[in-house]
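Okay, so here's just one chain, in structure tokens, the form predicted alone.
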Amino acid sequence: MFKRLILLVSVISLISIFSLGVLGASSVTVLGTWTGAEEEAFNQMVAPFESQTGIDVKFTGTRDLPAVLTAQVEAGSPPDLSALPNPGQMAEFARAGKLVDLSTFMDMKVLGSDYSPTWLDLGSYEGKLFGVFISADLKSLVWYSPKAFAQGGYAVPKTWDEMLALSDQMVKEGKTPWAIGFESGAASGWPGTDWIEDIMLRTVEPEVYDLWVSHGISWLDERVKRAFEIFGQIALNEKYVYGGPNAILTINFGDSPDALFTTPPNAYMHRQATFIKSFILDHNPQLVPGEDFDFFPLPPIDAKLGTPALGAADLFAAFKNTPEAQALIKYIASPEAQEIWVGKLGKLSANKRVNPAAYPDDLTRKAAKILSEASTFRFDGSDLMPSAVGAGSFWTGVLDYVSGVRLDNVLMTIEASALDAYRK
């Protein structure tokens, strides 16, 4: 009760500052991707803002955000604020002069304290801040059973070499280290692209990763080939993968971690994003997060690159520079607002001042800490690529590679599609 009272007082104090000069104003329009429970959570987040300022937040949710937003901007009737699918589209709008420079009215010292430099960099274009992040999903995780690890006498690996050594130890003991599944209906293959992206971030500088995503380097580049080969050391190893490489193609991504919780375990490690927790609990409701299953960060490969974080994030930008829009985006960027948001949805906040108690469980708190302290954060690369590549040849290319197609042929096929897609 005391914590709730403190939170309420903080929110009221924060909003009182924002309301100066805008109390009684009519409305502010917001466009986002959220519908259903997510839209309800957003409305709950902005409810204190509305009650204290008198500003009506008119939210519209659509799953086709990029197309709807682009059409509105081109028609000259954009929303006051909008979520954006990624920093790439933010940069496009900023380049076209459609966005408000947030640094002209937001306290950059406070933002610099609340967010690590990597988040401010992602929200900037040519030295100006155009976007703030409200929440994120973290992908760079390896899930495991602490009880199974303890029974086997296994320590959580801190480096990629230690992880491979642990895999080898398990194999020598007649065990299978990895559970991997890439089946996802028409979207089969996407879990494999996450592996490649995570490995790229651990073997090349972030700027090279960005070049790869924008086709600034070829898919035939040795650095891209090396990422696939490192992935292949695990995925193509019959003794490493539960069911062997062929099973990777047929096991659904949501069913794959089930192998960790059989007696005895069919596998011991599974690389996947924070959202896999819901699949684990749906399939095994008796499991206790943090006791029966846990995760560790996917370890670094090149020590000088640290432990990067791969994921997706919710980014907000302003298209109109009104007092109402200024007040709302200030509020959205605050820890007080984000504590409501992450508490309702179990998402992660990049704001370092968000109270850890706001998260629904210890695992989510741990993931948020990894995310906020990451030396580098990058968006899921396939989501930023043209769909013909990111949701096309890249997906199918990973499947082909696992099925035994020669890597050079796989990369040539993806490169051919990229040459065409990036020209459009």
Partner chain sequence: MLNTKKYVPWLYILPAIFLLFFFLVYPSINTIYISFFNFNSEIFVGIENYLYCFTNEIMLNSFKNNALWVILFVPITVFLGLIIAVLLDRVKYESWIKSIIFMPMAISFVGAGVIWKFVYAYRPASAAQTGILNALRMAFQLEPIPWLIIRPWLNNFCLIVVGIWIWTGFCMVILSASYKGIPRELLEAARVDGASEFKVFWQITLPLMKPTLAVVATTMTINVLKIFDIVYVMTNGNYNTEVIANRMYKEMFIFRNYGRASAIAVILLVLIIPMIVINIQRFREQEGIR
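Everything numeric here is computed off the predicted structure, so don't read it as measured data. Numbering follows the first chain given and starts at 1.
Another form, the form predicted in complex with the partner chain, is not on view; read the next lines as being about it.
Have a look at 361-369, 28-36, 48-56, 384-392 and name the one stretch with heavy atoms inside 4.5 Å of the partner chain in the predicted complex.
Partner-contacting stretch among the options: 384-392.
Within 4.5 Å of the partner chain in the predicted complex, all of 70, 93 and 183 (non-hydrogen atom)
Looking in the predicted complex, the three residues 70, 93 and 183 all sit within 4.5 Å of the partner chain (heavy atoms).
If you check 246, 86, 103, 321 against the partner chain in the predicted complex, which one has a heavy atom within 4.5 Å?
Contact check passes for 246.
Please identify the residue among 118, 188, 193, 135 with any heavy atom within 4.5 Å of the partner chain in the predicted complex.
Of the listed residues, the single hit is 188.
So, in the predicted complex, is residue 400 in contact with the partner chain at a 4.5 angstroms heavy atom limit?
Heavy-atom contact with the partner chain at 4.5 Å: present for residue 400.
My question is simply whether residue 64 lines the interface with the partner chain in the predicted complex - judged by any non-hydrogen atom within 4.5 Å.
Residue 64: contacts the partner chain in the predicted complex.
Tell me, yes or no, whether residue 242 is in contact with the partner chain in the predicted complex, where a contact means a heavy atom of each within 4.5 Å.
Result yes; residue 242 sits at the interface with the partner chain in the predicted complex.
Is there any non-hydrogen atom of residue 107 lying within 4.5 Å of the partner chain in the predicted complex?
Outside the cut-off, so no.
Do the C-alpha atoms of residue 94 and residue 374 sit closer or farther apart in the predicted complex than they do here, given a shift of 3 Å or more?
More distant in the predicted complex, by 3 Å or more.
Work out whether the Cα atoms of residue 374 and residue 91 come closer together or move farther apart in the predicted complex than they are in this form, the change being 3 angstroms or more.
It is farther: in the predicted complex, the C-alpha atoms of residue 374 and residue 91 lie at least 3 Å more apart than they do here.
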